[in-house]
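Just the one chain here, the form predicted on its own, laid out as structure tokens.
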Amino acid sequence: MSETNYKLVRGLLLAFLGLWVLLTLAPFYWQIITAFKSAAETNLTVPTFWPREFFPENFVAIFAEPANFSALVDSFIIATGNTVLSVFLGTLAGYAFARFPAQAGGENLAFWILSNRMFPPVAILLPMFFLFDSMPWGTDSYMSLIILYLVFNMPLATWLMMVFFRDAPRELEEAAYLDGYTPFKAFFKITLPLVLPGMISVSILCWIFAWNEYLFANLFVGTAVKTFTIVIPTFTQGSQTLWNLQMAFSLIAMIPPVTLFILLRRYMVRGLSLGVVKG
């Protein structure tokens, strides 16, 4: 390739990447500036691309209502509880499929478990509502959403952990058996530390799904338990939508997952790259 063609290709690539970055960051920019606008400015016919006057009071107004902070706490409890269950059960199932595929049901069962993650959630919305409504804990509770989200997070955790365990050397477990380790001790002392980065990355994915979920939360809870996803649309005043408060609350709700990802990003990268390089 000549130097002229190289510069042309490089310029087109940089232009494409610049456009991609611009389109990616544009929604976040709009979200941030809207969070600092007044309610009147957010409902102007001609939008403004920079606040005429900054209103940091929007963030204060969010927590003026104690129920809004409680909604964040409820979302945290539900997301954390579901993640712990999903990763625990998914790790055990993934290990079984990786080490004992025939006894665990084989590839067909493993793929069937993953296929549960693929069907549209709205297809089971009403059946699940009537099922959980007949349970002792009812629908408007932490338990209802924690268990319900297992339908989507556990298959993902199972499949990913199965791949991670397959990439973990079986020979290390066999060597541990020769040293007198029991299967349980070999699992916890040898195999589990090898897939720990993968387990952390799976935990992040499961937690973010449960944190952001809206469809089931909107139908199942709303009185005794509220998640922030169903609180955000309630910021209205008569027929007017308070976009500034909605954007402010959504920015606050972004802090936990972004912080989680920043703190665990090195595990996320290592986890998602497990098994990519074969020596």
Partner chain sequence: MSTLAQDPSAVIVMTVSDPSPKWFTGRKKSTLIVARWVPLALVGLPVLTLLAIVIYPTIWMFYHAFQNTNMIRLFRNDWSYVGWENFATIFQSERFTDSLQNLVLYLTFGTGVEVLLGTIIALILYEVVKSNALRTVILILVVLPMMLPPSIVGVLWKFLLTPSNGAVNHALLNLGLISTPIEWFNAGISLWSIIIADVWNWTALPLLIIYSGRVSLPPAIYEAARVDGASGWKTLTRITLPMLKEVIAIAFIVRFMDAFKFVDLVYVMTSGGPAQSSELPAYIAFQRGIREFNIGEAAAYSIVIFAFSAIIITLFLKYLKKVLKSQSIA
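Positions refer to the first chain, counted from 1. Small disclaimer: the values here were computed from a predicted structure and weren't measured.
The same protein also exists as the form predicted together with the partner chain; that form is not shown, yet it is the one meant from here on.
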Do residue 56 and the partner chain share at least one heavy atom pair within 4.5 Å in the predicted complex?
-> no
Taking 4.5 angstroms as the cut-off for heavy atoms, does residue 239 touch the partner chain in the predicted complex?
-> no
Please run the contact check for residue 218 against the partner chain in the predicted complex: heavy atoms, 4.5 angstroms, yes or no?
-> yes
Should residue 137 be classed as touching the partner chain in the predicted complex when contacts are defined as heavy atoms within 4.5 Å?
-> no
In the predicted complex, the residue from 200, 143, 96, 77 with a non-hydrogen atom within 4.5 Å of the partner chain is 96
Though the partner is not shown here, which residues of 100 to 138 have a heavy atom within 4.5 Å of the partner chain in the predicted complex?
-> 100, 102, 103, 104, 107, 108, 109, 111, 112, 113, 114, 115, 116, 117, 118, 119, 120, 121, 122, 123, 124, 125, 126, 127, 128, 130, 131
